[in-house]
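Take a look at this one chain, the form predicted alone, written out in structure tokens.
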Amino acid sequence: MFDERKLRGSSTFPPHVIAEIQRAADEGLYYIRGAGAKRRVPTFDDLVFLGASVSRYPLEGYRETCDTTVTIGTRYAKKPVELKIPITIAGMSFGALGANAKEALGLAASEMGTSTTTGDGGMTDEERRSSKTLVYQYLPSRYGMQPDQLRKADAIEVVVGQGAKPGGGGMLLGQKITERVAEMRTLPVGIDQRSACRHPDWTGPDDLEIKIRELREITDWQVPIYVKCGATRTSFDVMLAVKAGADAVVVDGMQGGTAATQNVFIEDVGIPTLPAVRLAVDALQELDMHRKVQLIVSGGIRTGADVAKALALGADAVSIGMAALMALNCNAPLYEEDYEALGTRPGFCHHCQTGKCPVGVTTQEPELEARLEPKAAARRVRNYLTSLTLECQTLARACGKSHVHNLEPEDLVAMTVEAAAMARVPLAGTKWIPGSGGA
């Protein structure tokens, strides 16, 4: 008999690390999965608002309005994007998601007066029909890229990188390359697709300016051009995007999800969304372009509080991906036998890359995809977006703000030294911002 009192796990080699070492030893391959980072990082949860009291007065929730509108693309576009709420749907491709999921997201976004985004692989007819405001992603792969589709879009997002895999290209494994996906991307059916990690006609940041001008000529300067970067060297990337002529910049933190990439990318590349938003705002302010070039922040946005805190730190809008999928029932406690067949349980699933999604979100298999009925799923996403918006307004009113964009860093304090340093707001109960030299 062993003495359980003498058992002590290693912090360097906990069970999940041991299991991964042994898996790698068995297979000789890196691990590919979907979703986002699972490691603990500083998040918006580490910030709290200073609600109004004697020194500030709040707004009455049922009698005084709190505006949520936002306009994106005011710098150069003839037709800026007008949104009723500052919460958009991030780029997720047809291929990564099924057609029903894409349609549901478009329907929900349209009902709420916000935008959705195509993702890699081009624009589907269902998505364009269901989305009143559709952003077309222009990626290094150029899969499905057609000038006519660019002209049909309401905005174009030039993707330089994603938060889940900065410096790496996308993946779509062969089991998800159906005949329709293959035709849209000009690929063979059933063969793994690995996208390029950089645009083929770029040799440096100056080429981004040329590319943006080309896109403006194709679209007759009508629509806004966004530039999306994974959060790494955020200050430099934002400045270069502004210099290149972007109307808006999208910064995607490391909590951002993906349909499939190497686990080592997801967990070990990039910086969290919390410091990224502050770095991006500082860069825009240094160029005197804050609010002139709009900032959209993504990566791990889950609640109305997350939305409000991102706006308070200086973002103009946020974008949600994984949270929107969860509103579609991703990881819901349904079809549990199918989760077990994947070797997981609801709440732990990150098997988007398999094409065997039990709830029909990230699959191309007709039987599974039929489990997601677009109109019913759209209602769930609409309800979720409504809740986020109401929560954001509630917090803004509590801070005495008549528009969510009036939230500011002065309304926030941090609960940890890490968060205070990253967001550059005081540690709660003090005037101290770590690194600022204050007391």
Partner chain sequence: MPKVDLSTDTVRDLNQRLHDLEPGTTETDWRVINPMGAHAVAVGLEASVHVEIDGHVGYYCAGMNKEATVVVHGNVGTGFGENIMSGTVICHGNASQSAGATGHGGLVVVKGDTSARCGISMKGVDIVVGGSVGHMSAFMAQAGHLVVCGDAGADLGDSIYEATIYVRGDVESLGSDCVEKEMTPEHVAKVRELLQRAGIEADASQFRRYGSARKLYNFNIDHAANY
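Numbering follows the first chain given and starts at 1. Model, not experiment: these values are computed from the prediction.
Absent from the display: the form predicted in complex with its partner chain. The rest refers to it.
Asks: Sort through 28-36, 402-410, 63-71, 380-388 and report the only stretch with a non-hydrogen atom within 4.5 Å of its partner chain in the model of the complex.
Replies: Of the stretches listed, the one contacting the partner is 28-36.
Asks: Taking its partner chain in the model of the complex as the reference, which of 150, 264, 334, 342 has a non-hydrogen atom within 4.5 Å?
Replies: Looking at 150, 264, 334, 342 one by one, just 150 meets the 4.5 Å heavy-atom criterion.
Asks: Out of 180, 292, 79, 194, which one falls within 4.5 Å of its partner chain in the model of the complex, going by heavy atoms?
Replies: Residue within 4.5 Å of the partner: 194.
Asks: Heavy atoms within 4.5 Å of its partner chain in the model of the complex: does residue 138 have any?
Replies: Because a heavy atom of residue 138 falls inside 4.5 Å of its partner chain in the model of the complex, the answer is yes.
Asks: Using a 4.5 Å heavy atom cut-off, state whether residue 365 contacts its partner chain in the model of the complex.
Replies: It does not: once its partner chain is placed as it appears in the model of the complex, residue 365 has no heavy atom within 4.5 Å of it.
Asks: How about residue 221: is it within 4.5 Å of its partner chain in the model of the complex, going by heavy atoms?
Replies: Result yes; residue 221 sits at the interface with its partner chain in the model of the complex.
Asks: When the contact criterion is heavy atoms within 4.5 Å, does residue 211 count as touching its partner chain in the model of the complex?
Replies: Yes, residue 211 is a contact residue.
Asks: Given a 4.5 Å distance limit between heavy atoms, list every residue of 177-194 close to its partner chain in the model of the complex, or none if there are none.
Replies: The stretch 177-194, when checked against its partner chain in the model of the complex, contributes 185, 186, 187, 188, 190, 191, 192, 194 at the 4.5 Å heavy-atom cut-off.
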